[in-house]
Ligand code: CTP
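Only one chain is included here, represented as structure tokens and corresponding to the form predicted alone.
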Amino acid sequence: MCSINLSSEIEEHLPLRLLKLMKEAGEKAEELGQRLYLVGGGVRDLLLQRPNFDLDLVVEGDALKLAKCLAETSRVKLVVHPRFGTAKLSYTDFSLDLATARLETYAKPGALPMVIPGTIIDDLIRRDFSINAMAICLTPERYGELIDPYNGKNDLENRLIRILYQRSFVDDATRIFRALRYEQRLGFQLESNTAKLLQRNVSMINTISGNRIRHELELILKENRPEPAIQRADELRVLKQLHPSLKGNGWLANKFEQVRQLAKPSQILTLYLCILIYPLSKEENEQFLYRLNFPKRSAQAMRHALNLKAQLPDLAKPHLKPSDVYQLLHNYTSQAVQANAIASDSPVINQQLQLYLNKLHYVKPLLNGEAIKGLGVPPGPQLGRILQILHVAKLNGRVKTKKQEEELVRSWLAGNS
């Protein structure tokens, strides 16, 4: 067992308020006859000197009891999950996840684990990689002591991603995705035996549900630069398990970079997905959507992206009016239009897509239905027709002011009286 003490590193790298809270939590745990540990990514990032203020704590004892005691002494949002023995304390600029130390067993490959209370060593072996299987004791008697039964610190120093036991990828194939995500995020390498076992067990991805696979894919896509992990997944035949036609190539990397340059943060994940499936046929996309059980909104954007891709040649036709462009595009989600603007290599088509996104999408007549009725247009089909005429005229720049819109309405009335 390692005898390294990291109390000075904790005090150097954690914000004062968070440091104070963790010390208080350790003291409270000791009062309750429990032991408290900082675990997982928080330990890893502390040793790498990377900022991480959303920390995981493990309690040898009762995590819910400790969490409630901590919530009583500070203004904090507390959410408890009694079934899983976990709790979350959310503060203004950081959060603490508390869990009761547990031992996991797997009834069959891909199954969710069966859980019973355990020790900190039991809790660490259930984790994915050695660099995430370290803990730091926070109770006063051993404050700062590093618990590193699987040589995670050594693997950090050697920049290696290593699983803890031979059947790790068999028991839980989501670890395959996490291995690639950490490898690329940290600039590490898969340890040689881990790499062999990953390739040998890559088909075990088929033992886990679409929802769990989608979650891991989305975590990859939420990385600062997801394309290296996607390319690595293609290289190791991981991407093929999601669909044989998916590619992690230079084209995708280039388009992902454009997504980050052009899109709002709230749109990036959906646009990545649209770009990822862009080379697929509609049938292949449906297979992918079904396999990963995508929610309705994401699935709609991905379908629309491919439907619009098939219509792009229409945007290259000569003498298109702005209203023609609007008519071609207005039934598609804005993410699908944006994805095609990024994916298309035609300057003419791209210009039309950008015209819609930046201008036409927002064009509306100044006169509403009530104002038009006030000019003498009766309710019913005629009202809808004149609204449409006004919109087309507005799109094409034939009317620009409210007065011009009113004149157009009166002219239409005079010609149809």
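Residue numbers here begin at 1 and follow the sequence given. Everything numeric in this text was worked out from a predicted model, so none of it was measured.
The same protein also exists as the form predicted in complex with cytidine-5'-triphosphate (CTP); that form is not shown, yet it is the one meant from here on.
Contact between Gly41 and cytidine-5'-triphosphate (CTP) in the predicted bound form is found at the 4.5 Å heavy atom cutoff. Of the heavy atoms in Asp172, some are within 4.5 Å of cytidine-5'-triphosphate (CTP) in the predicted bound form. Contact check for Asp234: no non-hydrogen atom falls within 4.5 Å of cytidine-5'-triphosphate (CTP) in the predicted bound form.
Using a 4.5 angstroms limit between non-hydrogen atoms, Glu145 is distant from cytidine-5'-triphosphate (CTP) in the predicted bound form. Listed stretches are 292 to 300, 177 to 185, 338 to 346, 79 to 87; the contact stretch with cytidine-5'-triphosphate (CTP) in the predicted bound form is 177 to 185, by a heavy atom cutoff of 4.5 Å. Using a 4.5 angstroms heavy atom cutoff to cytidine-5'-triphosphate (CTP) in the predicted bound form, all of Asp56, Arg126 and Asn132 count as contacting.
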